[in-house]
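Quick heads-up: it's one chain on its own, the form predicted alone, in C-alpha cells.
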C-alpha cells in the first residue's frame, strides 16, 4: 500500500507512524521546512517539502503509483484541490480529505472526494449520543453521500413504537439494518415489532430521509 499524507499536524505524524508499522510505503508532503525536518527524524516516511496542491510536488511524492492520498491540512480549499488533482491528474483511486468546516462536507463529496470527514461533526455526534439531546444522530454518509446511516432512538412517544416493521410504510430504498435492544444487536425482519428504547441503525437516501425518520420517531 502506497499512501501520501498532506499536512503537518500531529495527526499526520501519528498516521505515518501507524502506517509504517503496517509496512505501508508512506510519503508526507509538508510546506513547512521545520516540520519536514521533525518528521524526517521522527518517522521512517519519505518527506517532500512543498505544497500538496502543486502537481510537481504530488508527482515527486509518487502520486502516479499511490493507492490513497489523505489531505489533512487546516485549509479546506487546499484539501479539496489536492484530492481533485490526485484523482483527476494522477488517477489515485481513493482520496480522503479532512473538512474543517462541517458545512463543506457535502460539497467535497459532490466534487468527487472519495471520503470527506469533519472532525467537528464526528465529535458533535459523539457528544449528542452521550448526552441524548436528540432522537436521531447521523453516523456517516456512504457511497459518496448517496446513502446516510443514522442511529434512531425510539421512545414512548415515537409513532413507530408497537408497530411491525412491515407496516411502517418506509420508502423502498430505506433499510432498518439492525436493532439494538437491551445491548443486544438483532437484524430485524418484517415481523419484528418495535419497542420504546430501541436504537435503530437506519440506512436512508437523502431525498427520502426526512419522510422516513418522521415515520419512525415523529
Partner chain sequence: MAQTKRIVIVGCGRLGGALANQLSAEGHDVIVIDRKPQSFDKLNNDFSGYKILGDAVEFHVLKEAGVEGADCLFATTTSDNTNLMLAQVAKVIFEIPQVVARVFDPARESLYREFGIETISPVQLSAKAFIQASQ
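The structure displayed is predicted, hence computed values, not measured ones. Numbering follows the first chain given and starts at 1.
Below, we turn to the form predicted together with the partner chain, even though it does not appear here.
Residue contact with the partner chain in the predicted bound form: residue 107 places a heavy atom within 4.5 Å of it. Mapping the unseen interface onto this chain, residue 94 falls outside it, with no heavy atom inside 4.5 Å of the partner chain in the predicted bound form.
Residue contact check for residue 72: none of its heavy atoms lie within 4.5 Å of the partner chain in the predicted bound form. The shortest heavy atom separation between residue 151 and the partner chain in the predicted bound form exceeds 4.5 Å. Stretch-level contact analysis of 182 to 190, 64 to 72, 51 to 59, 38 to 46 against the partner chain in the predicted bound form, using heavy atoms and a 4.5 Å limit, identifies 51 to 59. For the three marked residues, 157, 178 and 198, no heavy atom of any sits within 4.5 Å of the partner chain in the predicted bound form.
Shown without its partner, the chain has 84, 85, 88, 89, 101, 103, 104 in segment 84 to 106 as residues with a non-hydrogen atom within 4.5 angstroms of the partner chain in the predicted bound form.
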